[in-house]
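Encoded as structure tokens, the following chain is the form predicted on its own, with no partner shown.
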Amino acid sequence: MDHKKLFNYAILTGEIMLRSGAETSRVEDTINRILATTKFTTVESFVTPTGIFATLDDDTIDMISFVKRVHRREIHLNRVAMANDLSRRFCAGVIELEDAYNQLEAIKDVPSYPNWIMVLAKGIGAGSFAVVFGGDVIDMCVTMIIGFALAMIQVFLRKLDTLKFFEDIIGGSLIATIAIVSFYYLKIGSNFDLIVIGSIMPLVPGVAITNAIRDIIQGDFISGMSRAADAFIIAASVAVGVGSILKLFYLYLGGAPI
């Protein structure tokens, strides 16, 4: 077996999973299982939300150590599942290294969902949350429209390669602006608070919070605290965007006290 190619395969698998939203403990376990197929004496990996460190060593080879920086991440759980399933089949001996590497290259290029699906999903999701929180049909319709607008502005900002922090601030500001115009000026809807809350829900960092808790439970405190900080920053940026517009509405346009 070409141990260098195996090492590259393990690192690429870990990178794809980490970029796509997998928790660090899963990434470490996957890399270790792949490298362990060499039966070498030293197999180590250390993963953080922004990097992968791995080492492979034995008396029969020169030590290989590698550091892979992971910059941008997104939520693409289908890609995580595909890479994880491929690694399991490789470790079980069902597939050869060359075929596994070629399939992994294809998985790396699997596109995200089309923009129209993301827009539709966020709109329906936002409207559904408004109903869950106690809103009526009109509130749901307004919240769905805000969800559609939010998703479209996110697609536009990502094409401009906007930082996530500013993307969330702009998204929160858009939510508050459309909600104010709809409720106070167009007189559409009966629960302003529920419209805003439902519209915010697609921005809530649920996966980041879940992974942070799982990493901490697993004992990966650095990764867990890093992900928790990431989730806090996302929540803070959304709050800044929504809160600033609501405060301006109260101070300068005579809106309801905030």
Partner chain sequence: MIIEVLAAFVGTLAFSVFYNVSKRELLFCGTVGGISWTVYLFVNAFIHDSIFSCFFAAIVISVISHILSRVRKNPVTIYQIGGIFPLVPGAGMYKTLYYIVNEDYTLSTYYLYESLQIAGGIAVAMILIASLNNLLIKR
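Predicted, not measured: the structure shown is a model, and the values here were computed from it. Positions refer to the first chain, counted from 1.
FYI, the form predicted in complex with the partner chain isn't displayed, but the following is about it.
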Any chance residue 45 has a heavy atom within 4.5 Å of the partner chain in the model of the complex? no
Does any heavy atom of residue 202 come within 4.5 Å of a heavy atom of the partner chain in the model of the complex? yes
Check residue 148 for me: does it contact the partner chain in the model of the complex (non-hydrogen atoms, 4.5 angstroms)? no
Although the partner chain is absent from this view, report whether residue 112 comes within 4.5 Å of it in the model of the complex, heavy atoms only. yes
Tell me which of 52 to 60, 37 to 45, 190 to 198, 65 to 73 has residues with heavy atoms within 4.5 angstroms of the partner chain in the model of the complex? 190 to 198
Since exactly one of 138, 117, 186, 163 fits, which has a heavy atom within 4.5 Å of the partner chain in the model of the complex? 117
Sole residue of 84, 173, 103, 182 within 4.5 Å of the partner chain in the model of the complex, by heavy atom: 84
When the partner chain is considered in the model of the complex, the residues of 111 to 129 having a heavy atom within 4.5 Å of it are 112, 113, 117, 118, 121, 122, 124, 125, 126, 128, 129
